[in-house]
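This document opens with one chain alone, in structure tokens, the form predicted alone.
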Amino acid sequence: MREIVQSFLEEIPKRLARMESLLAEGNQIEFRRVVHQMKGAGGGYGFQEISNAAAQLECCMNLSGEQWSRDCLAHLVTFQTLLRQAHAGLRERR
């Protein structure tokens, strides 16, 4: 199990880059899929905070305009921060 968790953590920079690319492209369908995958993986690998942040982001994705900007952007920043912190923890363990 340790190897699977390590693999999840090692993939975080690629996932973050993918999410940023999808947002820049305006590809909300694929972006939602990536967030949903991270929600499941985070919880499955013991990173409940990541899963919770992804769930909050996923819930607000149906919003648009100013409400999306205000609500989803805050959840997105929290989600990205937690992912970066988890990845940084991997480097500290080595």
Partner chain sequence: MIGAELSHDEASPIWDTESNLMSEATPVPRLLAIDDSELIHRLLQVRLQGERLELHSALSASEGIRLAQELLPEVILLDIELDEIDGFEVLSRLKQDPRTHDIAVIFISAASDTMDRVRGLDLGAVDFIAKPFEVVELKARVRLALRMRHLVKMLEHRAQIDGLSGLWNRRYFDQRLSQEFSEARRHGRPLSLIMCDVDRFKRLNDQFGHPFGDHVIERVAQVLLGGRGSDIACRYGGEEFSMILPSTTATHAQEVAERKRVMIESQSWTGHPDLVVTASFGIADLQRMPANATMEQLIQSADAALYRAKQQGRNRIEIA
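Residue numbers count along the first chain shown, from 1. Note that the structure is predicted; figures quoted are calculated from it, not measured.
In what follows, reference is made to the form predicted together with the partner chain, a form of this protein that is not presented.
Taking the partner from the other structure, the partner chain in the predicted complex has a heavy atom within 4.5 Å of a heavy atom of M38. Taking the partner from elsewhere, S51 is found to have a heavy atom lying within 4.5 Å of the partner chain in the predicted complex. By the criterion of a heavy atom within 4.5 Å, Y45 is counted among the residues contacting the partner chain in the predicted complex. Proximity of E11 to the partner chain in the predicted complex: non-hydrogen atoms within 4.5 Å are present.
By the 4.5 Å heavy atom rule, the three marked residues C72, H75 and L90 all fail to count as contacting the partner chain in the predicted complex. Residues M1, I4, S7, F8, E11, R15 are the ones in 1-17 with at least one heavy atom within 4.5 Å of the partner chain in the predicted complex, listed in sequence order.
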